[in-house]
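As a starting point, one isolated chain is supplied in structure tokens, in the form predicted on its own.
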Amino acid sequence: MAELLLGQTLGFDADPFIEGPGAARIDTRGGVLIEGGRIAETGPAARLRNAHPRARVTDYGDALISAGFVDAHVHYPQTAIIASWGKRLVDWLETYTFPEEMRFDDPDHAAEIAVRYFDLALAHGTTTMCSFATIHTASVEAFFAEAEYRGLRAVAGRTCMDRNAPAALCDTPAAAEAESRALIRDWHGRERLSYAITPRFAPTSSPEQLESLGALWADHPDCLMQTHLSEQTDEVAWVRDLFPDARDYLDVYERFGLIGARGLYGHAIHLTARERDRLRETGAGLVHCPTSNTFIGSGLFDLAGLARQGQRIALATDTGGGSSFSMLRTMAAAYEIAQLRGAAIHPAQLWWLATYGAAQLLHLGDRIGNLAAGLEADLVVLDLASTPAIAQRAARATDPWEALFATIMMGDDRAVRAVWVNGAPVDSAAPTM
């Protein structure tokens, strides 16, 4: 049976960073028709009701119906250590991340955390995510198996490291290539799953490992490649010491074939002019992780400046270096960081970065991320008066964007009224811990 969801609807006709906020549209009494797991039609509620009298109707009133959030950079193995106190990047890795990731050689632990992560992500309205795993094959298999069980569209990859990490988390160039290749064979393109070749970052991979992963990507160009780039100034200096012949941090990846339109580069805060130009030329994706960047003290991403240059950008929570599972909180942090750099980002642009813009960065824009006919019906329904503080501010709004902005800045999982995945409602948006 066709499903007809009614409420306020938010969709995009174009990129609001290019065309302006008018590229996004909010219909204050709109609808979304779902058939066979896909969006069949959108438009005014009255017209859809009349055209589809046999559809089963769910009327969400004044709640906002949007494409589900797309989180473009996650470390699901760090779920349990989110909000760990007071460290810079390398110290944080050594104190919290690496000890936790060692536990993922146990398939039962990996499965437990995968369940917990997906519970939390869905509770916050996130329906697609791109995650780093650990070096353990079991960590990737647990993530993909749980995503497949829930019918989610998801991306992940085995994290590859062969130096500057604990021995228990180091592999070899041959092992990284062989195990990644086997995971691609078993999981890439299966159901709604995709694989991302995943060198953690340049300091934890030898030139030999980076070369082997570049060759693997050349063999599987339809895969994504995800890594980190220029997160902190001391990290940039470390890369300069490890790769003295490279022109800059990005050049390390480029020398080994690890740059391209399907490349995703987390953080990208401290970029040189050459790196900016090269990223734009290749169509690479930059993933802005604002809560992580402030929590670990990394710096202020130049969202407005990079967008003006035509860079491809998405938002991400960066769980668990990021301090929240919420893409609403992530949008709020992105707004605040942009303000510190002298730019006020419109709510339409923030929403783009957390939905359709992120989907395009993951090369999934033909499948998810927008309210448009033919796309898969992954949706979030948001209560725009979910707390007294938000409700009293929204009541004074003079237009829909002003009302939505209150939820962007103050909302959390309490705002998530419903989540739909692949055309079906999720039983509960609350985690089952």
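Residue numbers run from 1 along the displayed sequence. Note that the structure is a prediction, hence the values are computed from the model and not measured.
Omitted from view is the form predicted together with guanine, to which the following refers.
Check each of Arg312, Arg329, His136, Arg200 and return the one that places a heavy atom within 4.5 angstroms of guanine in the predicted bound form.
Residue within 4.5 Å of the partner: Arg200.
Check each of Glu146, Glu231, Asp248, Asp302 and return the one that places a heavy atom within 4.5 angstroms of guanine in the predicted bound form.
In short, Glu231.
Counting only non-hydrogen atoms and a 4.5 angstroms cut-off, does Gln360 reach guanine in the predicted bound form?
The answer is no: Gln360 has no heavy atom within 4.5 Å of guanine.
In the predicted bound form, does Ser324 have a heavy atom within 4.5 Å of guanine?
Judged by the heavy-atom cut-off of 4.5 Å, Ser324 is well away from guanine in the predicted bound form.
At the 4.5 Å heavy atom threshold, is Leu93 in contact with guanine in the predicted bound form?
Flag for Leu93 set to yes.
Is Arg158 one of the residues lying within 4.5 Å of guanine in the predicted bound form, judged by heavy atom distances?
Flag for Arg158 set to no.
Of these, 73-81, 211-219, 274-282, 118-126, which stretch puts a heavy atom within 4.5 angstroms of guanine in the predicted bound form?
In the other structure, the partner sits against 73-81.
Listed by sequence position, which residues of 397-423 have a non-hydrogen atom within 4.5 angstroms of guanine in the predicted bound form?
Heavy-atom contacts within 4.5 Å come from no residue here.
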